[in-house]
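Take a look at this single chain in structure tokens; it is the form predicted on its own.
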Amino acid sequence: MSNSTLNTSKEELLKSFRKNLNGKALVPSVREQAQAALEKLEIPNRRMEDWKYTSLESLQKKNFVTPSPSEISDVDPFKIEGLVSDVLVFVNGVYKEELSSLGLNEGNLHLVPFHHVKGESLEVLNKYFGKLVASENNLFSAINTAYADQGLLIYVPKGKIAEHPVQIVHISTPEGNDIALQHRNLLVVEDNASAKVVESFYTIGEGSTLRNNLHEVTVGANAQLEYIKLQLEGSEASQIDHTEVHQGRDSKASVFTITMGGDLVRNNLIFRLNDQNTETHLMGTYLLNGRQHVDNFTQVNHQEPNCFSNELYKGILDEKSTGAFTGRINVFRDAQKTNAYQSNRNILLTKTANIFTKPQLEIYADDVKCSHGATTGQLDKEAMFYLKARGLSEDKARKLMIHAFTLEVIENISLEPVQEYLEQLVSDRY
């Protein structure tokens, strides 16, 4: 593909996301840097090593437009039953105050849509916005920083404990069109603070969507965060998601990525362990069917001594779906006494499904315990025979084995209503 074609394609993509900020840009200097970076960046393609298994050509052929305002009267079907939480609802990328319900964490947690920031919240936004993700390295991150006009600040001050989780619900309504939308989270958990966040994505109606999300997450010293991402959009929904997490000393952070919907999904998850004694968990499961394609790219940077990371991604691929997993662990020279573990396991339910998996270790310290591995196979025939011999039908035996396979990830989620919700979704799928 020629450079002129690439440039034309990029300009069309930028038009899809470009919005008139009417002089209300938050942190203007950061947005200006992102806009300057867009001039030099190109659309990711398979010639780039980190995008080897994912082509965006199908997205470049669509004419994405800004979604029209949409009204929804009932969001209860999109809330997780039994989860007592603060709820923030975004429809086509726009915050809907009338559909949201806040107040359970009042005094311990600040939940502020970007358009409402002021006072202390504005100070936090100015301090952290655009500081973790470098726009000059990533086209979609630069697009988000330059053009996203909707977002959410989640701020937990020092020593505060959010007693209830936060539930963020995103609903897109393409109404037969091809729409492009963006969202940005700035999540700051300061020293000795704690929070749990559940973010879910849904689609109503027909039409294609391209969602470009960016999440900057700071977890302070001795702080704790559990962040659960549920990608449950329609079969024509595509999502480019970039999440970067920076951890302080003695902190613990867990990120779960559950993908059960979508057409083309690319998840980037980057962790930087910036001080000693951090604990990090990256867990995900992807249940794919049809011609769905999901690419999970993770990177854990061990920069200081005495840190622990554990990564487990499990996939079930049906019909003609394809998956990709690239997991990179970097252990820097000063990161002695590092413990880092990574595993990617996959089950192919058909001969036409496919998975590309690439675990990587790059170690420059000499006193570490690290391991990585990947497996791909079919459902265990002996186990299937055993279950059928005890009276289960082939469908029930298959369903039980799939449930057990995914449970290893789901059971690590601390919120029981979320566990139950996901187990039901797995059951309904198979």
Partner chain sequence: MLTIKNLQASIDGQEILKGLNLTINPGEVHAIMGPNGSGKSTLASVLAGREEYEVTGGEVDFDGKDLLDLEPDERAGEGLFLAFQYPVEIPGVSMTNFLRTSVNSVREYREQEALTAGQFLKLMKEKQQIVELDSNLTKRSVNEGFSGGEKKRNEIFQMAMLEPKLAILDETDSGLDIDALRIVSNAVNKLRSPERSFLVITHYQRLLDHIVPDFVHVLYKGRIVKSGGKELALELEEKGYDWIKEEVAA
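Residue numbers count along the first chain shown, from 1. Here the structure is a predicted model, which is why all the values come from computation and not from measurement.
Separately, the form predicted in complex with the partner chain exists; it is not shown, and the next lines address it.
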Open item on the list: Under a 4.5 angstroms heavy atom criterion, identify the one residue in 400, 365, 36, 379 near the partner chain in the predicted complex.
Closed with: 400
- [ ] Using heavy atoms only and a 4.5 Å cut-off, determine which of 47, 61, 369, 390 is in contact with the partner chain in the predicted complex.
- [x] 390
Open item on the list: Can you confirm whether 383, 396 and 407, the three residues that make up this candidate site, all sit within 4.5 Å of the partner chain in the predicted complex, judged by heavy atoms?
Closed with: yes
